[in-house]
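As a starting point, one isolated chain is supplied in structure tokens, in the form predicted on its own.
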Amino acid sequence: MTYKFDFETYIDRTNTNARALEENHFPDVVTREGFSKIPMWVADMSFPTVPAAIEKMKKRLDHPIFGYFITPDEYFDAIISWQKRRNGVDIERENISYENGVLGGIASIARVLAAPGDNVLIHAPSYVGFINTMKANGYNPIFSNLYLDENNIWRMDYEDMDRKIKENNINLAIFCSPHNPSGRVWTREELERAYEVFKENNVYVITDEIWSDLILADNVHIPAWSINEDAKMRTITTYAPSKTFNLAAFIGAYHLVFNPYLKARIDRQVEKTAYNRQNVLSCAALIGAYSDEGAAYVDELREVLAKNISYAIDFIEKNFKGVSLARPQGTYVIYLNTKEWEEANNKSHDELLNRAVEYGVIWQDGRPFMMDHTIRVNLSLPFAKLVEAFDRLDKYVFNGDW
């Protein structure tokens, strides 16, 4: 298939300070001579961003003064239009607040909704950023485990959620939708059941919906706050264009709050840090990304990601005996369980991880996401490079002679 945007060229990121390529993610492992590094760990893409975002920034750079600036109406209008276009929801300007980043926003919001030392409910497997941010800010994560049903689909355990909340006196939950690293896109019925638990226990919810544009196949993202009026009043939702358009380096997120009392308190908390100031170029990038061209880019990107994920899953199921995973419904990551392979081949998890890195496949240890024998793999790279990576995993790792 021919695409308007370039998702096929593999762009060399050497000497660009790209964390995905240049951070020493496995400090004790040396990649063998003759094998280039293929970054498949940290969640940014090996695709160029949408040209409209670059053009908006270039236009702003034509003016040579970069003093203090006021966020323009165009920024808020772009977010309102994007949420209507992509999620079918209506928001107002007064619902939107800027944040330097999703994790920083979650930390600031948590200070309003819970006291340091409080317990916070998080699903496991869990995005490692939630865990580290909560711990670093003095909170104690309490995990409610997701489980795989008979159809190999990740599910929430509502009874466990209720029990953990009651036993640990929890009044704040961090909720990921779509879920990272499982890739689940929660249905309306699942959201309604989760929010019944939150309502019964008077739990406020911070939802991270940064992956909400990257939905696969016929799945549909439903903003958690939109399911009913009670959810709207107890939810603060964080978004950013960074995952969708590969703009993480520009630093810029936003959150939506519909409860006026909570919004006033959160805005005051954010103001007190005196750090949460928007970058003029990240503002321009969002406006360019949340455009007609940006919408077309996302539509094509979703097709590319679906192709990559289908190829990877088919390859794993055919060639990697003892490796299992659930098919993601969103995001561009897969979460492998390698326990059976490790036991059958008498290899430790660290030996498996390191072996791939020796041959240039830089993936991510899944254990910090709160599940043993797991690996998170980022599939957002040109198809030819994806094929090369899985050929290496086949020849040198899962079916190779060690």
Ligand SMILES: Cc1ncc(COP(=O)(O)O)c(C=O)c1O
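The first residue of the shown sequence is 1; numbering continues from there. Quantities reported herein were computed from a predicted structural model and do not represent experimental measurements.
Form predicted together with this ligand: not shown, discussed below.
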Practice task
Identify which of I287, A231, L103, L172 has a heavy atom within 4.5 Å of this ligand in the predicted bound form; exactly one of them does.
Solution key: L103
Completion exercise
Checking F250, Y98, Y127, F258 against this ligand in the predicted bound form, the residue with a non-hydrogen atom inside 4.5 angstroms turns out to be Y127
Exercise for the section: Identify whether this ligand in the predicted bound form is within 4.5 Å of every residue in the set R193, I222 and S226, based on non-hydrogen atoms. Expected result: no
Fill in the blank from the handout: Only one of 301-309, 288-296, 140-148, 204-212 sits within 4.5 Å of this ligand in the predicted bound form by heavy atom distance, namely 204-212
Practice task
Would you check, heavy atoms only and a 4.5 Å threshold, whether K243 touches this ligand in the predicted bound form?
Solution key: yes
Exercise for the section: Although this ligand is absent from this view, report whether S182 comes within 4.5 Å of it in the predicted bound form, heavy atoms only. Expected result: no
Problem - 4.5 angstroms heavy atom contact with this ligand in the predicted bound form for I79 - result: no
Problem - Touches this ligand in the predicted bound form: M57 (any heavy atom, 4.5 Å) - result: no
Practice task
Check each residue of 32-59 against this ligand in the predicted bound form and list those with a heavy atom within 4.5 Å, in sequence order.
Solution key: A43
